[in-house]
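Given next, in structure tokens, is a single chain: the form predicted on its own.
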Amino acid sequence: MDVLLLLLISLPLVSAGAVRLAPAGAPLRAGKISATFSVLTALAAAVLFAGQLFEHHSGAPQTSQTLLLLDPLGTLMALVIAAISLVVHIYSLRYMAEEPRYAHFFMLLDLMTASLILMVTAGNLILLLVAWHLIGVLLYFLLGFETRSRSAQRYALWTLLTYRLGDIPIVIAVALLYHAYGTLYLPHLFELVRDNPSITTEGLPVVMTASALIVLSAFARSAQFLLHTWLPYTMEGPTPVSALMHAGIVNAGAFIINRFAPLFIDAGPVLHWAFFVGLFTAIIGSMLMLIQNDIKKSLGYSTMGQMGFMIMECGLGAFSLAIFHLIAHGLFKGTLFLSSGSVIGRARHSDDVPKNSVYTFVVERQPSASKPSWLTMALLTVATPALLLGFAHWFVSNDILQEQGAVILLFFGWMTGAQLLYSIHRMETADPWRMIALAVFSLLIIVVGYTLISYAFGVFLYPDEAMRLAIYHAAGITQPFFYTLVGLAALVIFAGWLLVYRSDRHDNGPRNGAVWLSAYTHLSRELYISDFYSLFGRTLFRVSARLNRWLRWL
């Protein structure tokens, strides 16, 4: 298994070298070489994950080296990265065929894949920081791949600066942990923290301070509110890069919190802080997504909202659920971005909006003329979640609904389900009752499957039940305060639904009022946050220029 782990990291690096050495006059051959190596990387990741799954069920102890760590979290994430990278490689073979630096693009893609796999399998703090840093640098080159576009270069630099700013807290956290515990090896560090979590340095509690700094870096890497502006503005990069970034790279925040999970048991209010930042980001990102008229920018704000939801799950102590969410969102958003690239590609050859069955159904609200029979769709809708549910039952032994975090998550499931039914209620269809019945039945299966699969993820990623309960306990609050918040949230949600239904019944109602118009105006300006950063940047340049002139006379 250790050899396979080394091979998993080496394959993308060898591919990058082979692409670099490929003949200059045969760029398409370089792309095919890179795609072939990505297939081998995905196969190696699948075999490694299968081996980890077998060891988990047989109870064999996990193996690890000094630098690399072979554990369930690392192998699962490596498989996800290899799979998404494979899809992006294959998609790029034709999509990037007209680019003059075709081979260079695939070399960067291979280096990024290697850095991502190295980050999730690093067992040494220094190696983890090196991979963490390399991802930001390679993302800068990928986002700025279109060298003729000044805006692409500008926002690539903006992303790089945000990443470098966000790297500072995690570097300080690593220095603090090494100074206090004297080891760079992650499993050994976690054992020392478990034995003595109350060490202080200069009067500061090391574990709580390091946890807060790690969460702060996760905020920058996962585009949380006030550090999110780089994400929606990086849409001039190639569509495959957008897919890779939104499906995998931006999820690094949830991963890094899971990687340091043992620290958060003794981190005090840090998880509560993560919950509120994630909640606020989810709400703001969702509102900004709804008013965008650019398809990729809308997807960017959608990713911001999902990242907020993911960090919020970590704040509730549902660490394994955040990983499940990460994987589901990665597959979903990668597909969306690659599909948007196809739509944009077709739009380049036609001035009209390219219509397909999804457009006519969602935008024009017309039933598709070519859609399969309702019986076929019903069987597919029911069979797929049922298979997932059966697979989940193989893992599950009891439920997770006794924790505060699970109750909060059920609230979000409640809202999502209600929104789904409301959307279906508004759709024009020949048989609305059949559509609603299918939607309710599908929703029931998906919710049950989501709960069971998330529990299976918890058992796989954190086999120690005491540790899982300790993390949930660390995220908990007092019962009276918790139930008061639940009651208030229920009232707010219920009032919101009443308002939506009332405005839907009266087309000239509150939606056209001054309050709604004012809200739309401010949201359409993206709450002026990017304007503030632009003003701050210009002011900083003016001050530095004036300071430079003054210093000449000293």
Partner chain sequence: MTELTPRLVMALLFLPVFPFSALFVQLLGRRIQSAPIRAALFLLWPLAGVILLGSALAIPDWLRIWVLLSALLYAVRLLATRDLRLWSAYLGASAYSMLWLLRPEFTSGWQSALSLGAPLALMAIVGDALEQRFGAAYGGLYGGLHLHQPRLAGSLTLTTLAAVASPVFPGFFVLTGIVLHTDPGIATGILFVWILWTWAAVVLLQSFMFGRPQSLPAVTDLPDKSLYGLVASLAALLLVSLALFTTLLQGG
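Positions refer to the first chain, counted from 1. Please read these numbers as outputs of a predicted model, since none were measured by experiment. Superpose the two forms; the largest set of C-alphas matching within 1.5 Å is the rigid core.
Only in words, not in the display: the form predicted together with the partner chain, which the text now covers.
Using a 4.5 angstroms limit between non-hydrogen atoms, Tyr140 touches the partner chain in the predicted bound form. His179 belongs to the set of residues with a heavy atom inside 4.5 Å of the partner chain in the predicted bound form. Among heavy atoms of Phe532, none comes within 4.5 Å of the partner chain in the predicted bound form. In the predicted bound form, Gly537 approaches the partner chain with a heavy atom inside 4.5 Å. For the options Ser339, Thr183, Ser286, Ser298, the residue carrying a heavy atom within 4.5 angstroms of the partner chain in the predicted bound form is Thr183. This chain is drawn without the partner chain; in the predicted bound form, the residue among Asp195, Asp464, Asp294, Glu202 with a heavy atom within 4.5 Å of it is Glu202. Of the stretches 319-327, 215-223, 123-131, 236-244, only 123-131 has residues with a heavy atom within 4.5 Å of the partner chain in the predicted bound form. Contact with the partner chain in the predicted bound form, defined as a heavy atom within 4.5 Å, is made by none of Arg259, His272 and Lys333. Residues of 160-196 that come within 4.5 Å of the partner chain in the predicted bound form, judged by any heavy atom, are Leu160, Leu161, Arg164, Leu165, Ile168, Val171, Ile172, Val174, Ala175, Leu176, Tyr178, His179, Gly182, Thr183, Leu184 in sequence order. For Leu21, the Cα coordinates differ by under 2 angstroms between the shown form and the other one after the core has been superposed.
If you fit the rigid core between the shown form and the other one, you'll see the Cα of Leu547 move by 2 angstroms or more.
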